[in-house]
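Subsequent text provides structure tokens for two forms of one protein chain, presented individually as structure 1 and structure 2.
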Structure 1
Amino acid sequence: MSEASTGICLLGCGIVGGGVVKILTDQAELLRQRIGVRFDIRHVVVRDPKKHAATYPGLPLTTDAHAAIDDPKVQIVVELMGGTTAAGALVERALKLGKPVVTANKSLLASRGPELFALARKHNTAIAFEASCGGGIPIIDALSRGLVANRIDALVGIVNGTCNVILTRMTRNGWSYAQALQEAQKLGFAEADPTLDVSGRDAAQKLAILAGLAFNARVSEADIHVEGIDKLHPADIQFATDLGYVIKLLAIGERDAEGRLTLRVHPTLVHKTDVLAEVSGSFNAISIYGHALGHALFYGRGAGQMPTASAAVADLVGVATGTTQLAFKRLNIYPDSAAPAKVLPFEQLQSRYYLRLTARDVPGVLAQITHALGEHGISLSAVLQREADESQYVPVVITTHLARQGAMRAALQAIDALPTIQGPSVCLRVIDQPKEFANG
């Protein structure tokens, strides 16, 4: 595809689509100089053209997605609508016509990725999806090309901007959860349905895509253990601070020596000296551990209009210059050509833990708790107890050494059954810096 003018059709002109229009319009000359291509926006499909007419005078707005995709002068289809039903059908339509698709839609790729990649292959075309993970950070490109010589052993990331905005504001500014969520929505970071963000599902969808590429496995959202930040209590943010930690929503994928994967998304205590602890607001960061490179950190704005549009336009350039199609044809890294992931049951996960128990302030209660933990082979790392108020119940905060998730679940069941404990107790996980990074 080397002609001077490349016809494109945009499906969606909201936050991200608007950013793509802005870059293609404002930077048309820079792009022409760099790649020798002029992008011709032939159709912009929206639900309500009247809503957009004043903001984008002269833009070819339409509601007729089929006619837009089928237009013989459209060579690339850019899907920025979101959702899986209508977007999925339109992506299929474009691929069946042999038209390459650029998409930021992690929900669609996490749920139907292998099938859509196979369809693209069948019709001798390609899907480009840099904007689906990490906003403007070129993490898909890094995993597909720059890190291709590495066996990747772990991937640890802050990959949801909305959750990171919420946690940052609650930790640093003392904002309420609702106030911080409102800010993320106002700035255009949150999904149309923000429960996807705060439940951890958006991060899990991104982890499915990233882990698939990193570990050469077919990973689905169902393979991932997911806990969101929607049930996180401000008291735990405060206790974590007192202990020298910051709470972050992490997406973690690890490979063991037998090639089995642990895949999880959950609020995690990260030590304040860990580089991930400093990642704030809508910034994302993804740590990759490759056998040859060691630790590499990919950092940048993970959500929002212009960062995400930056990634989508990079994909447009890759498709227009043919590098995407070539990689798609030659590399065996996409989920349609990978075997299903061998996933270790979550109960077998080894982790350190943070516990917050609500205990009656009576003699012997701490001994009962440590006994229950000891019975399951769990040893304590730190204990924090405050003086009782008039309620006679006190929070007891404990961090532990490494233990299996199954043992911790059983120990917590025993602890919550104690007459001196007001359950359910809070259990979060703690992550340690890998040795290489901790030693500088």
Structure 2
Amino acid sequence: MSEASTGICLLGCGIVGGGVVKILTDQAELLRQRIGVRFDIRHVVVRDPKKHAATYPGLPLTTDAHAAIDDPKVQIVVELMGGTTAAGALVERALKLGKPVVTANKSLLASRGPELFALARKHNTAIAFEASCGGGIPIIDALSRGLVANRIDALVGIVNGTCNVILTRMTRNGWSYAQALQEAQKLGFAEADPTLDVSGRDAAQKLAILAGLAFNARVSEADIHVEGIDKLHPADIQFATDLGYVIKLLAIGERDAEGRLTLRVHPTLVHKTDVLAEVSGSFNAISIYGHALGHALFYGRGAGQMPTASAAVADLVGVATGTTQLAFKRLNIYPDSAAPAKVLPFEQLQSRYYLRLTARDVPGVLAQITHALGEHGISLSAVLQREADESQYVPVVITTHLARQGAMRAALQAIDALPTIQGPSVCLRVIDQPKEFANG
């Protein structure tokens, strides 16, 4: 690859693509000084060149993706168009020509990662994907290079900015989910159709990528238990606050002593003294626990034009200097060279739980609840009960000690069947602080 000039084909020029153009244009001299390479944007593939011409005057806009990728003066293809069908076909085309690909497409990598990585290896090229997870946070580089000496035992993160914005507003303002979502959409933090984000699927796709690197395993989105925030009630946020917790949507990957993984995305009670409890708004944070390092926290902007573009340009630099291709060739950490993950069935998950039950205010009801929990081996940690209103039903909030997910599910079925309970009851999981923080 020429040291003087590196030809770029940019697939898509939306928010992130525009950020990449801005960095490559405004910081061209800085990049040249640092790496000795001048990036030459030779093609920018868009659906409607007229729509982009006014915003990006002078850019070589085109609708012909095939010709742009095939151009012999293009050395690197940057895929920022999103989706899996058209984007997947174009990424394949580039890889088959031996051209390295830089992508922010988490959906594509989560669904077809092993296949595409194998294709890149077959054609002696590489895929760089720092921008696919965590916005501008260099978490991919950390897992694949900086922490390579560590056996990673756990990865716990806030990896979806939209959900974190919504939960922050619900917590601080006492808003309903609908109110918080509406404001997030108004401010541009949430899409018109927020389903991918609020359902937890976006976080699950990122977890599939991150867990694959952290645990040297082939992880698919189907391996991950997923729950979103769209059913979360303000009452549970308030009760969590009363108990000393904050509710966050966490992506969690853990390895047990037998090498089995638990992989899950769901609303989680995080103690207010935990570092993740302080992560607000559109920021992301990812905690990594390594056997040698201990705990490391990676924190920063998890989305947005310039943070994500920063990660994409960092990948461009890695490809242009050849370090990405060398690592891709030498390291056995990518999904095509890893064995399928040994995933612990979700019913066997050990966790602490938060329960909110709606109980009739009559004598003996708490005894019935504790009996149902005790029959399934679940012990109580704390109980919080409010005074009855005119309906004679009261919320009873319980936190438990460690219990198996399957046992909790069975216990809840028994509790909701009680004539004194107005179901369905609410069940959320509680995550404990790492032991190294327990004593301050």
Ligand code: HSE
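None of these values were measured; they are calculated from a predicted model. Definition used throughout: the rigid core is the maximal C-alpha set that superposes within 1.5 Å between two forms. Here, residue number means position along structure 1's sequence, counting from 1.
Note that the form predicted on its own is the one shown as structure 2, not structure 1. Core-superposed comparison between structures 1 and 2: the CA of Ala154 stays below a 2 Å shift. Taking 2 Å as the criterion, Ile137 does not count as shifted between structures 1 and 2: its C-alpha moves by less than this amount when the rigid core is aligned. A movement of the C-alpha atom of Phe189 reaching 2 angstroms or beyond is seen between structures 1 and 2 when the two forms are aligned on their rigid core.
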